[in-house]
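Two forms, one chain: they're shown below as C-alpha cells, one block per form, named structure 1 and structure 2.
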Structure 1
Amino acid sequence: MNSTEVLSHTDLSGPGGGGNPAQICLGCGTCASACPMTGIEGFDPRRIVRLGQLGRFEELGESSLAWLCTMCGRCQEGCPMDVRITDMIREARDLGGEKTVPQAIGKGIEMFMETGNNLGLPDEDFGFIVEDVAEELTEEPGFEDFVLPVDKEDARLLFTLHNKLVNTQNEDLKHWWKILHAAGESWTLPGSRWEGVNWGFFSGQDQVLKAGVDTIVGNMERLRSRGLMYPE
C-alpha cells in the first residue's frame, strides 16, 4: 500500500476536510500543546501531520515515532480543523507491518487471538484467581453472602476485564464487586474470553480490533446480557 492508497483508505479530516491533512491543517500547534507526549524522544503530533502532508507514510510507519503516541486522542479533540491525527497514526502503524509492532503488544495480540485474553491465561487459572478474590471478599463484614456470578445468563450487565485486574491488581476487583453487590445489580463475568482491552486499536490492525469487538458481542449474545461494563 502506498501513501496515496493510505490517504484514500481513511478520510483523515473531519467535517469540511478534503481527506488530505495538507489541505486543512493550519499549523496552529494546538495538537502539540494538548499532547502529553510532546517533547518526549522528539515526539510532536505536528510531525505526524507534516509527514502526512508530504506523503511520507512509509517513513512514518517504519519509524518509532508513531509508536510513541498513547492514542489518548487529545490532539484530535483539540484540533480546530478536526484533522483525524489518531487515525493517521493507526494507519501508519498498520502500514509498518507486524515487524514494527512492539514486542509486548505483538505478543499480547497473539495471546488474545489464541486464548481470548492478552495474558494467554487458561480459563482454569482465570477461574481460580477470581474465585479466590471472591472468597476473600466474603470474609469482609457486610459481604458474607457475596457469590461471584460467572457465565450467569440473562444478567443485566456483562462485566469485562482489563488483564491487569487478574494479573497484578486483583484487589481492585473487590472495589467493583462491592459496588455491584451493594447496589443489588444483576451482572456476570464471562468464564472465558473475558478480556475487554482491545489491542487492535493500539496496533492499527483492524482485523484484531474486529476480533476483540466480536468477542465481547459474542459473550453478550451467549449470556443474553443487555448491557456492558468495562472498568478501564
Structure 2
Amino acid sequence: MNSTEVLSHTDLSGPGGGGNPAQICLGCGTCASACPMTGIEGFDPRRIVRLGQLGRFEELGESSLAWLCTMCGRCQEGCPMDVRITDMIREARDLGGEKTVPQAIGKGIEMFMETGNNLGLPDEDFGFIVEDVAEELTEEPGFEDFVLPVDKEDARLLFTLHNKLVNTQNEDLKHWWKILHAAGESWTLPGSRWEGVNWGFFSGQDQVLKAGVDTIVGNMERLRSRGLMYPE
C-alpha cells in the first residue's frame, strides 16, 4: 500500500486536532522509552507506528499489540513529531473488528446498549442498592438528615456513577454524598441510565461512544440539570 492510501485511510483528526500522521515518525524511541508496556510480547510503540505507516491497521487490531495499550498517552506526550499514537490504537481496535474486543468489554458494551449500564443492572435493583447505602449513611453522626435525591428536577448537578460503585464497592458511594451533603449542594442521581463509564472509548467503536454521550445528555434534558458530574 502506498503512502497516499495510508493517508486517506487513516483519518486521524481526533478531538484534540493537530498532530501528525504516522509516517512522519522519526523512529527515535521516545515513545518506546515512555511506555511501560514496551518489552512484553514484543510490544513497542514504534512497531505500532510502523504498522500504522504501512496501513496495516487490521493486522495491528488483531494482534495483542492494540489491546495491551492502556491509552495513557505518555508516548504521545513525548513524541517530538507529534504522532497521534493513541488515536491510532483506537483506530486499530475498531478496524480489528468486534471479534477482537476482549470479552469483558464486549459484554459490558452489549449490556450498556441494552440496559443503559455496563452491568445490565435493572433500575429497580439500582434503586434498592443506593437507597440501602443512603440509609446506612444516615446512621453516621452529622448525616442524620441525609436524603438521597433521585431524579430530582432542576438540580444544579446531575451525578452519574461508575458502575463498580453500584456493583461491589457500595461503601464508596458515600464519600461524595457526604461532601455534597456538607456543602448543601443541590444535586440528583438519575434513577435510570446512571452509567457514567463509556467503554466505547476503549473499543474504538464510535457508535458506542456516541450512545454513551446521548444517554447522559438525555438525562440532563429530562431532569433539567445545569451541571454534570462524571466519574471519568
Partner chain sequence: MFDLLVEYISTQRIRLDRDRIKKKAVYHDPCNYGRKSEALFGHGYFHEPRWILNQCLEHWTDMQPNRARQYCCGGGGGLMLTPYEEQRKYYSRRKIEQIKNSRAELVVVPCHSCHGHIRAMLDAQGPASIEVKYLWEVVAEALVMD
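Because the structure is predicted, anything quoted here is derived from the model rather than measured. By convention here, residues take numbers in order along the sequence of structure 1, the first being 1. Rigid core: the largest C-alpha set superposing within 1.5 Å between the two forms.
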Students should recognise the form predicted on its own as structure 1
Core superposed first: is there a CA shift of 2 Å or greater at Ala32 between the two structures?
yes
